[in-house]
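Shown below, as structure tokens, is a lone chain in the form predicted alone; questions about how it binds or moves come after it.
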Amino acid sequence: MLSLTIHKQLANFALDLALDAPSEKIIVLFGASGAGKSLTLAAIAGFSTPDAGRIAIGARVLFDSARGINLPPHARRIGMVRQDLALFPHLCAADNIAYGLQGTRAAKAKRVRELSALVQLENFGARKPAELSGGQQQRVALARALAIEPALLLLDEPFSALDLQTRITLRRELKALQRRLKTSILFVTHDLGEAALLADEMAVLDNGRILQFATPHEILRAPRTARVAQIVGVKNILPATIVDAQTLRVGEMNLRAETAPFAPGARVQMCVRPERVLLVRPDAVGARVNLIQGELVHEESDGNTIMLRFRADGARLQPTREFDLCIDMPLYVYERLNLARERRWRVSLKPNAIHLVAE
């Protein structure tokens, strides 16, 4: 288990977090730039000394301010891949991988061959970093970090500078490699899709603190606070009041929800992910819950997803805003429904899509 308690005060920022994470898993630190993710890795690796706290991998203590323990980076048995990779430009790929290895020349050469095969670089050992693609450079950096058989591997946004297809490939390879080696990995990213794909468990960081630590599924479906919901892409966060165990008042409307763990009269925040707002065809039959009539008033696209804005007729969820709900959907669904021309719709908010948090 990785056990962290870190207190670090900088001029305009304080890192103050605690985390107990299981071994042999991919743990993702997720949050916006400036949340404290990279500073956390630097403290674990020994490049930044906390003002107070304790860092341990299993029974092995790397830092303990109360006991005066602070192992130097080279004694921590931690591998690290940074965003800039820090490969030596004058060394070939094989020599970069071998850097830091101990033992005879034959033993090091054997280890380099094993690692090259592991990261699919068997035929590229003689090339300099400048002669490799971005993805191949990432594999060299990963092999070098694995060479020492680290107790923990730290990856600081390693794929952020790569094109989308290369990122997809390397994420898949990393996950397969971790499963094969059973390596403990702490992975930093501000890409929610990357975090959800890679993480066995995920820590949501904000302003130097961990707001929630759970599986990606749990965090995405049941964020602990409105701030966590905002960080993980919940675009519909609306103030509401509990009416009874299955009813809440949102703006000028009453909506049904699943059993709410709040007393009647409690002020809460209603969270609904944008991809869980359902458009209902005009000719659809059958009973629908939380059905709202209105129109699409705005849209944006990133080329793959359409982000729609929906405004209700009459009674409103958000009377003071220009729209009531954000809706995300794939471009092909947008085109199939002819939404560029058909602007009048009903939407349905299923009770199990509504998540409530304290105000």
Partner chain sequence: MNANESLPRSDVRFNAGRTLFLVFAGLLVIFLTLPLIALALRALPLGLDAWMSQTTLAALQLSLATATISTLVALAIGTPVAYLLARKEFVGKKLVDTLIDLPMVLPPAVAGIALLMAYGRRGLLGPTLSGLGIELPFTTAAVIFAETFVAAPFYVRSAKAGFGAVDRKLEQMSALLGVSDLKTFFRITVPLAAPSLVSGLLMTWARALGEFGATIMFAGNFPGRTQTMPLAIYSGLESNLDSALALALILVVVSFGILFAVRAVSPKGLTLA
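Positions refer to the first chain, counted from 1. What you see is a predicted model, and the numbers here were worked out from it, not measured in a lab.
Below, we turn to the form predicted in complex with the partner chain, even though it does not appear here.
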Open item on the list: For the partner chain, considered in the predicted bound form: do all three of V277, G294 and L337 come within 4.5 Å of it, counting heavy atoms only?
Closed with: no
TODO: Could you spot which one of D163, D244, D84, E122 gets a heavy atom to within 4.5 Å of the partner chain in the predicted bound form?
DONE: D84
Open item on the list: Which residue, V112, I219, M80, M270, is the contact with the partner chain in the predicted bound form, using a 4.5 Å heavy atom cutoff?
Closed with: M80
Open item on the list: Is R172 part of the interface with the partner chain in the predicted bound form - any heavy atom within 4.5 Å?
Closed with: no
TODO: Tell me, yes or no, whether F47 is in contact with the partner chain in the predicted bound form, where a contact means a heavy atom of each within 4.5 Å.
DONE: yes
TODO: Please check if A260 has a heavy atom lying within 4.5 Å of any heavy atom of the partner chain in the predicted bound form.
DONE: no
- [ ] Determine whether any heavy atom of G100 comes within 4.5 Å of a heavy atom of the partner chain in the predicted bound form, and answer yes or no.
- [x] yes
Open item on the list: Using a 4.5 Å heavy atom cut-off, which of 224 to 232, 92 to 100, 251 to 259, 184 to 192 contacts the partner chain in the predicted bound form?
Closed with: 92 to 100
Task: in the predicted bound form: members of 147 to 178 within 4.5 Å of the partner chain, any heavy atom - done: I148
